[in-house]
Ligand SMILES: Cc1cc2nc3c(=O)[nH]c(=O)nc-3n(C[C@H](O)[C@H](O)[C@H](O)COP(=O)(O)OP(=O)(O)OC[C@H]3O[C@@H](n4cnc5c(N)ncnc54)[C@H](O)[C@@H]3O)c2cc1C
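Before any questions on how it binds or moves, here is one chain, the form predicted alone, in structure tokens.
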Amino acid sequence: MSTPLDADLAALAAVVGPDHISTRGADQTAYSRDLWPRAQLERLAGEAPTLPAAVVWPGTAEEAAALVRVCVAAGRPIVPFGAGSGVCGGARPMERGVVIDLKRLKALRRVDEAAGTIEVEAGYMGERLERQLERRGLTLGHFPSSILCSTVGGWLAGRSAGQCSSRYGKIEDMVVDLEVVAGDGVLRRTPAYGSLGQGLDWNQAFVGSEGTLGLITAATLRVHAQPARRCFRGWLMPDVDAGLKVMRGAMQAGLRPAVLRLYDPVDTVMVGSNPDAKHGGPLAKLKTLLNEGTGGLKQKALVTALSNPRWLNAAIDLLPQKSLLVTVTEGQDAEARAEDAAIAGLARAAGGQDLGEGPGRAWLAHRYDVSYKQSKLYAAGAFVDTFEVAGTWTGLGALYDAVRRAVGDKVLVMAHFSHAYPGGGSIYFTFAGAAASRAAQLARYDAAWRAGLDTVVEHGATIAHHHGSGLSRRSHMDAEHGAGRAWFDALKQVLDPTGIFNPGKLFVPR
């Protein structure tokens, strides 16, 4: 006996063909989550994820629009999917809907070197796009850590930032126009803005909307010439405050370095640039446990240490507070050299020790490295996650201290500062914790996140810089956006009146 689901699946298959739709269990499971660490804890605790009713792979923007029309008519929720590298649960199905995977939309439609723009489809993988541009002497300047496993559409939906955002901006700064499908199933293009546009910038209604207002199928983006030269440098700063002073001074002097990256004392040891790591000090022992403590006595020691992080964090505060600052300047030869020299002057004035090119070159060589030790940590009874926020220079140091205090009795915490701008910058926290049971792990994980987000809101900072909201931050989005929540609801009524686009994401449903 046929069911409404059978009819819906048949209508979807009629759009993309039978080879590009799946209801197989393996595909449903694969598309039931992104890389949100909490989902891993849920899985270990025995919680079953919500599976999509089907996964479809449109081959053209027109097919994507037709799929939207089918889902609207059937009332089937839609979850847009890029490469699944998000870490906030933004691509996680909340209901038995349809996952629309856009990776078959992978054309570089146009390269306009005179205008300095490209038109590229949403499913284009980031690293492949950058290689294609490099062959033409160009760069997008967008280098997220996930570039090997993320798509242009995912960058746009999540308001992504690349590692060189201080020079090139975030993804929203690169957008000229977008090709989108909203709730009426019509393929449209937003008006171009910037030097040739005027009025409201409609691109920004969709950039960062995480698929809640429509489906992005393509974009026109600004590109730049490949840099002729790069200058690399590392500085061992007396403490975090000294490093922040250099970062602020550089950006407010009008410099445009590709990278200004400051590691706090713990993170400095993790990247191997604190003398303590060379002499077997306490931080070096901690590094060894985190890297190798996944078996026998080391595993027990690791779980014990992470289960009692208050004392671990307090001990770290008593150690030397040296912090590594990595700088990369690029552009024409004279520009790169001049900016490197200017930052060097600021660093020396703040008491920095010149470490030469080594740290900068090491950062570039390993900037996409992915740790495969997390699974062992989870199996050992521990967990790890990242938490990136942003604020103005006025309160960035205080925000760093406050978040560490707020979560320090729950998790081991370390951080680095990056994505620097004239007005402020981002803090990228990493925390690790452990507990005796899976339920206790989830409780501790949630408590750490809640305390961190509460603290950021109290300090008037932003609860996310580039990872998005998804499910991990939606509890605090109303507090951050205030009246903006009502504006979002109004846009939702116009662009998604049936409420099928990625329901439950960005904001907690009314």
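The first residue of the shown sequence is 1; numbering continues from there. The structure presented is a predicted model; accordingly, all values stated were derived computationally and were not measured.
Quick note: we don't show the form predicted in complex with this ligand, though the next part is all about it.
In the model of the complex, this ligand sits within 4.5 Å of a heavy atom belonging to G84. Although the partner is absent here, E210 lies within 4.5 Å of this ligand in the model of the complex, judged by heavy atoms. In the model of the complex, none of the heavy atoms of L324 sits within 4.5 Å of a heavy atom of this ligand. Interface residue remark: G433 is not counted as part of the site for this ligand in the model of the complex, having no heavy atom within 4.5 Å.
Relative to this ligand in the model of the complex, residues P144, S150 and G214 are all within 4.5 Å by at least one heavy atom.
Only one of 158 to 166, 397 to 405, 347 to 355, 324 to 332 lies within 4.5 Å of this ligand in the model of the complex by heavy atoms, and it is 158 to 166. Between this ligand and the residues V411, L260, A219, A91, the one pair within 4.5 Å by heavy atoms in the model of the complex involves A91. Note on contacts: among L377, M270, A420, L102, the single residue with a heavy atom within 4.5 Å of this ligand in the model of the complex is L102.
The single residue of 109 to 135 lying near this ligand in the model of the complex is A122, the criterion being any heavy atom within 4.5 Å.
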